[in-house]
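In the form predicted on its own, a lone chain appears below as structure tokens.
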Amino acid sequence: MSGLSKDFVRAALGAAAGPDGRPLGERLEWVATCDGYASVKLDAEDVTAKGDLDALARRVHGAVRAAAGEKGIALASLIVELVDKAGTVKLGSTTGPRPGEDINAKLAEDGQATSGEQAASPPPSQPRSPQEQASALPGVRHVIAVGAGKGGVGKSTVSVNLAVALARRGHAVGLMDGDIYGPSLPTMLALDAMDLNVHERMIEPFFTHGIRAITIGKMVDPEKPLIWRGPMAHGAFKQLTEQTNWGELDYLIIDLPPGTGDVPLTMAQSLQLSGAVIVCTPQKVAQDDAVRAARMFQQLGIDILGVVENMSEFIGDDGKRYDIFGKGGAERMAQRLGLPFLGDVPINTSLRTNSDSGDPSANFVAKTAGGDALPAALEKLAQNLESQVSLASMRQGKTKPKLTIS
């Protein structure tokens, strides 16, 4: 297996075209590689729109990572800088942790950086959490993970309906099925009849119910178990995030596998998140595992946007309500941990039917949702999440309050 080299990067970009059809190799101005890290600069003088710059950066990341995957070459991190004729960086993005100062020194001494050129800027010293090493996903404003301490609490149900609810509120929304071992989106979005398309080595997400969605369930035999060790799950997750042509998104919802294993760690190290949502049922046994999930996100440096109590009650066809798992347990847990409570979601026959038939949009219409309770709960959930994302962005310094004088 050959290692990562400058010639390999040049060849990978030379074999791929940008969004405008121009070969990426024609734009390449500078490349440096060292110990699995790569940094490239490309001429983007003719690209002015932010969306076009994001699309070009995504194409560069996708081309190099796809070629590395095909050749079995380890690529720990790729730094892409799009510059104008004067060398001013118009857009910079990184996938994977940025190299440390020692790596940057090697890049600078590598012979590719001529006078006046510098290697990639070093990161802040001594990162305190995996999130501080992570990079933003080009074109995506907010990445939100939906997790749970245990399986069977309705995490995928909340993810799908939350994505559709945000789209119904006018946002551009993506949904990624990060549950590598048990993908649910093929069923919950009725993707079985849709074909997966790959263009210029980038996966095109499915567009359904107003959202863009991708799932590994469309890339493997639906009845074949994925008996994968950590590195394989790590690679699959990164491919879904970095090699999907998401376009411009307000929100990307990531449905995580249950528990506190490899995939959440991979996500925290590779993607800057606006925060995480924890799904829990009212019963005590679910709360115990949800607390572990909350501690995991906090340890990884990820803001917790709030807790959702799923299956808070069962509403029968006659309208009678039953507290099968108790009620209010997840809300009390959120209060004890000092976390926001986003709302509770009931369960009824219509929710089960709509999920099995792949029609989440039906959950927002009283006639097909078994009454007004479910649509109201889902809309409230999306509204509360929007508020918590805004607050988290202010805490993280990504937005600032505006004063309007009239």
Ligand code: ADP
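Everything quoted here is computed from the prediction, not taken from an experiment. All residue numbers refer to positions in the sequence shown, first residue = 1.
The discussion below concerns the form predicted together with adenosine-5'-diphosphate (ADP), not included here.
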property: Heavy atom distance at most 4.5 Å to adenosine-5'-diphosphate (ADP) in the predicted complex, all of Thr94, Pro130 and Gln272; result: no
property: Stretch in contact, per heavy atom within 4.5 angstroms of adenosine-5'-diphosphate (ADP) in the predicted complex, of 291 to 299, 75 to 83, 331 to 339, 144 to 152; result: 144 to 152
property: Heavy atom within 4.5 Å of adenosine-5'-diphosphate (ADP) in the predicted complex - the one residue of Ile347, Val47, Ala369, Ala66 that qualifies; result: Ile347
property: Among the candidates Thr215, Asn245, Gln287, Asn310, the residue which, in the predicted complex, approaches adenosine-5'-diphosphate (ADP) to within 4.5 Å (heavy atoms); result: Asn310
property: Ala32 within 4.5 Å of adenosine-5'-diphosphate (ADP) in the predicted complex, heavy atoms; result: no
property: Interface membership of Asn363, adenosine-5'-diphosphate (ADP) in the predicted complex, 4.5 Å heavy atom rule; result: no
property: Ser184 within 4.5 Å of adenosine-5'-diphosphate (ADP) in the predicted complex, heavy atoms; result: yes
property: In the predicted complex, Thr157 touching adenosine-5'-diphosphate (ADP) (heavy atom, 4.5 Å); result: yes
property: Residues in 186 to 207 close to adenosine-5'-diphosphate (ADP) in the predicted complex, defined by a heavy atom within 4.5 Å, in order; result: Met188
